[in-house]
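Below sits a lone chain in structure tokens, taken as the form predicted alone.
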Amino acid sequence: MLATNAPAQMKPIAFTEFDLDNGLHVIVHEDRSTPIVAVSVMYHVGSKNEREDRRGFAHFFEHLLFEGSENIARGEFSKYVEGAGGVLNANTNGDRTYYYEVLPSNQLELGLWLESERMMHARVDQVGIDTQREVVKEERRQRYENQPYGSILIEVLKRAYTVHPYKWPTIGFMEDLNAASEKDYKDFYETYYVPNNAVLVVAGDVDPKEARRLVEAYFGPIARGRDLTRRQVEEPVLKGEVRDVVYDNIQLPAVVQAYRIPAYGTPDFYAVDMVNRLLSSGNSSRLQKALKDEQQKALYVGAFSFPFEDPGLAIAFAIANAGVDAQALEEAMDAEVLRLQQDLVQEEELAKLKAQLETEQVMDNARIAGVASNLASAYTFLGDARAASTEIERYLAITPKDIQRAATTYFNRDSRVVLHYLPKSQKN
């Protein structure tokens, strides 16, 4: 029933778009259903744009650019938004950095002023750098160093990539942040946080003509940055399986498997992502049913696609039940991938998964913040904001044979990373 009804609910996202003379691309989506507005800016800079001796800069700037500006006192950025009854946040990955505010619609001008201040003359000085370094250190400790299994992504990336900047995590390394000078930080800001390296999305209860007038007033005076040449790094083929053991402060063993996959937006990416969804999306997914419910070998299972702009990774992860060793868990995980390689997925199972995807998109686009994010991502990585509405069609077109081909081509045991996470007590 969902597969039949959901497409009818998925009306294309209507928007207008234009470019300022300084290169800033602007997308405006009008939705008068609720009196709120989202103001968001996506900068096309992530950890892959960093120097090898300055890892973590993009994530660091996610924090640093809340320090204020020439016209916003230190620590006041968030207070403006919260005082107006809004919320704000930011996030970073290997390819982009995204900032947004969701505000009452009568506060549109506030959101535009704040983001223009961030872009025009953010406060990048030693006081803020020292403050945010401590914040990032604490985040690294909590999320990676003191969290059970928290180092998985770091351990996988450095084995899955040998030359590409994806080999280091977005959080970076404190030794690089400590070694950087104030000039290093200023240079990074002046290079990447510029209008011609960004897309601004205004979505919600707005008049598009008035929104354009305000955008031009606040962002028009910002100088264009120097044109960027994207660094093309081709990662060599992973020849053979990379296998290792990581001893961690954990009680139960875990198995991690990582496979190289095509870049986000390429045709094969969607088939690979569907493989991961078949394996672990929902209680009736294959790994959940086989490893948790039937065999009771796993306490937790998951399979995820990392949709990188350059060829990325699919990572499967399972935590063993008490008394189950890592090798038995790995064999059970492999068996489920082998099933997808040998047997065609039944149409009913695939249809159910497609219905879930359609419902996810409907729910995501029911939120103004979700619409803003989807429009920005579609423009930045798929080359057209309309893809925020049409990308789902690429999933819906996938056939059982596409699934089988993707599983066979990309989930190759002779070209993957396998890590066994074991308790430190087992280390000789």
Partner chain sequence: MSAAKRPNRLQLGVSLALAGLFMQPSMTFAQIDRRKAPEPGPAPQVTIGDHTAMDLPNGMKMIVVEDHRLPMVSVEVRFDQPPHVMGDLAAVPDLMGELLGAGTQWHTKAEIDESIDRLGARLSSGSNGVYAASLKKHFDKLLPIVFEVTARSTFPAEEFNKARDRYLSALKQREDDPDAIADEVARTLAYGKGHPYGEVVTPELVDKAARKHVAAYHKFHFRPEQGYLVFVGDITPAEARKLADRSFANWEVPEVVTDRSETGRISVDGLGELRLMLKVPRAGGVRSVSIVDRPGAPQSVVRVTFPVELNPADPRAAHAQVMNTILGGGVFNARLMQNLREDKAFTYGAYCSLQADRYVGRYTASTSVRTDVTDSAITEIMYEMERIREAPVTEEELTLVKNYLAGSFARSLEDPRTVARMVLRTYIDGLPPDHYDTYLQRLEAVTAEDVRRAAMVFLNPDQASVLVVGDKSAIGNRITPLSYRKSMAQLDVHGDPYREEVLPAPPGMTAEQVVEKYLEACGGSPTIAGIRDLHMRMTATMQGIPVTVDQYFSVPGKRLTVMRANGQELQREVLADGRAQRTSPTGTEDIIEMELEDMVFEAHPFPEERYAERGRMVLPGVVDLDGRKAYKVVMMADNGNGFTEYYDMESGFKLRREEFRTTAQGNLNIVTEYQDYRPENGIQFPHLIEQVAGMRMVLTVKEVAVNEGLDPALFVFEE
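This one's a predicted model, so the numbers in the text were calculated from it and none came from an experiment. Positions refer to the first chain, counted from 1.
One more form of this protein, predicted in complex with its partner chain, exists but is not displayed; see below.
**Message:** So its partner chain isn't shown here. In the predicted bound form, which residue out of 304, 264, 168, 80 has a non-hydrogen atom within 4.5 Å of it?
**Reply:** It is 80 that has a heavy atom within 4.5 Å of the partner.
**Asked** Of 107, 257, 97, 276, which one comes within 4.5 Å of its partner chain in the predicted bound form, counting heavy atoms only?
**Response** If I apply the 4.5 Å criterion carefully, the residue I get is 107.
**Asked** So, in the predicted bound form, is residue 35 in contact with its partner chain at a 4.5 angstroms heavy atom limit?
**Response** Output for residue 35 is yes: heavy atoms within 4.5 Å of its partner chain.
**Item:** Distance check, residue 359 to its partner chain in the predicted bound form, heavy atom within 4.5 Å
**Value:** Although its partner chain is absent here, residue 359 would touch it in the predicted bound form, with heavy atoms inside 4.5 Å.
**Asked** Quick one: does residue 237 come within 4.5 Å of its partner chain in the predicted bound form, counting heavy atoms only?
**Response** No - in the predicted bound form, heavy atoms of residue 237 and its partner chain never come within 4.5 Å of each other.
**Message:** With a cut-off of 4.5 Å between heavy atoms, is residue 102 one of the residues that contacts its partner chain in the predicted bound form?
**Reply:** So residue 102 counts as contacting its partner chain.
**Residue stretch of 189-197, 151-159, 304-312, 335-343 approaching its partner chain in the predicted bound form, non-hydrogen atom distance within 4.5 Å** = Flagged stretch: 189-197.
**Prompt:** For 125-143: residues with a non-hydrogen atom within 4.5 angstroms of its partner chain in the predicted bound form?
**Reply:** Those in contact are 125, 129, 131, 132, 134, 135, 138, 139, 141, 142, 143.
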